[in-house]
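Single chain ahead, written as structure tokens, the form predicted on its own.
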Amino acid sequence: MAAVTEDQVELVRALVAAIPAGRVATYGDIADAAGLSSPRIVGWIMRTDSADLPWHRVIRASGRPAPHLSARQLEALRAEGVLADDGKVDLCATRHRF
């Protein structure tokens, strides 16, 4: 993975913070908005620096949360009105556009 600058980390953090309640974005959406080369960079940033962010609003491009976060993430999204069908969020209905 390419070196990640503090400015890139802060931009990703700002983008995640800007996702409104009841909406979701994919790692790829955030990477595109931040001008990053890969959604994996967003995943790395989220894994290391997102405790104070609405991390549950960031999902995989398939509409499914990461398996190890699934129950917790879907519960947090459900509390905001984002429903999942068989563990999958409807991106067409809930996707936030930057």
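In this text, residue numbers run from 1 along the sequence as written. A quick note: this is a predicted structure, and the numbers were derived from the prediction, not measured.
Here the subject shifts to the form predicted together with the DNA, a form of this protein not shown in this document.
Heavy atoms of no residue among 13, 21 and 54 are located within 4.5 Å of the DNA in the model of the complex. Of the heavy atoms in residue 37, some are within 4.5 Å of the DNA in the model of the complex. At a distance threshold of 4.5 angstroms between non-hydrogen atoms, residue 33 is out of contact with the DNA in the model of the complex. Residue contact check for residue 61: one or more of its heavy atoms lie within 4.5 Å of the DNA in the model of the complex. The DNA in the model of the complex is approached by residue 66, whose closest heavy atom lies within 4.5 angstroms of it. In the model of the complex, 27, 28, 37, 38, 39, 40, 41, 43, 44 are the residues of 27-44 with at least one heavy atom within 4.5 Å of the DNA, listed from first to last.
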